[in-house]
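Taking the form predicted alone, here's one chain by itself in structure tokens.
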């Protein structure tokens, strides 16, 4: 049987309170032997420097491997390559390679020098700099800007052919949809691990707003489940805990063994899934959204 692996995503804290929460949450999860931590990237000005500084500090404070997010939209090749070299020098050997959000200054970047035009091209550039272990994003429910399901799969295949080592999915709530996506990826010749992105639920309303922005469908079942807990945070937390454990169990039963938890820097409560116990594996689960 396959081992079950968990990785966890954080974002750089923006103030003192956030910094305390960040380190508390990271330290809690560190004891659970995670596969790696990923840390998101702010591409502009002080956000960029804060991101890099956070990554450099975490590398010094933990033995857990660190995957640094990097986005190239709005930067020249030279500019983003400089960041990649700085990360490699700091001891980072994992990158989550992303295009990034469309930015108003993209044209200005093109005026400064040559820019990467695709994630696949970005990956090819990164591996010339350093033998990074590279993760990319994938979308079980299709990227909102993709022309079709087939086009989206071909885009993922291009990223994998360029050198990606794994694909981390956008969060989702439909196990069948994820399995269809994984089957389509395999049929297209994609043979890297497809990691299930999990966004546990603490604030149901905020989660639905986030899901709408990301193009993730929230099933009516969840609306019905959380309706009685609208004014009862304790009940909502229990429902969320039960739901995420059940969801991960169902994915494990479908032969999914790699999970990426979107923590939102929230403290994490750790318990075991029933399926994971059967496999004698400690499975860290988070209630964090």
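Residue numbers count along the first chain shown, from 1. Values in this document were obtained by computation on a predicted structure and should not be read as measured data.
Separately, the form predicted in complex with a small molecule exists; it is not shown, and the next lines address it.
Per the 4.5 Å heavy atom criterion, the small molecule in the predicted bound form is contacted by stretch 142-150, the sole one of 126-134, 142-150, 178-186, 79-87. Among the residues 168, 164, 92, 199, the one placing a heavy atom within 4.5 Å of the small molecule in the predicted bound form is 168.
Residue-level contacts in the predicted bound form: of 217, 112, 99, 206, one residue has a heavy atom within 4.5 Å of the small molecule, and it is 99.
Using a 4.5 Å cut-off to the small molecule in the predicted bound form, not one of 7, 174 and 251 places a heavy atom inside that distance.
In the predicted bound form, the small molecule lies within 4.5 Å of some heavy atom of residue 41. Using a 4.5 angstroms limit between non-hydrogen atoms, residue 75 is distant from the small molecule in the predicted bound form. Mapping the unseen interface onto this chain, residue 247 falls outside it, with no heavy atom inside 4.5 Å of the small molecule in the predicted bound form.
In the predicted bound form, the small molecule sits beyond 4.5 Å of every heavy atom of residue 226.
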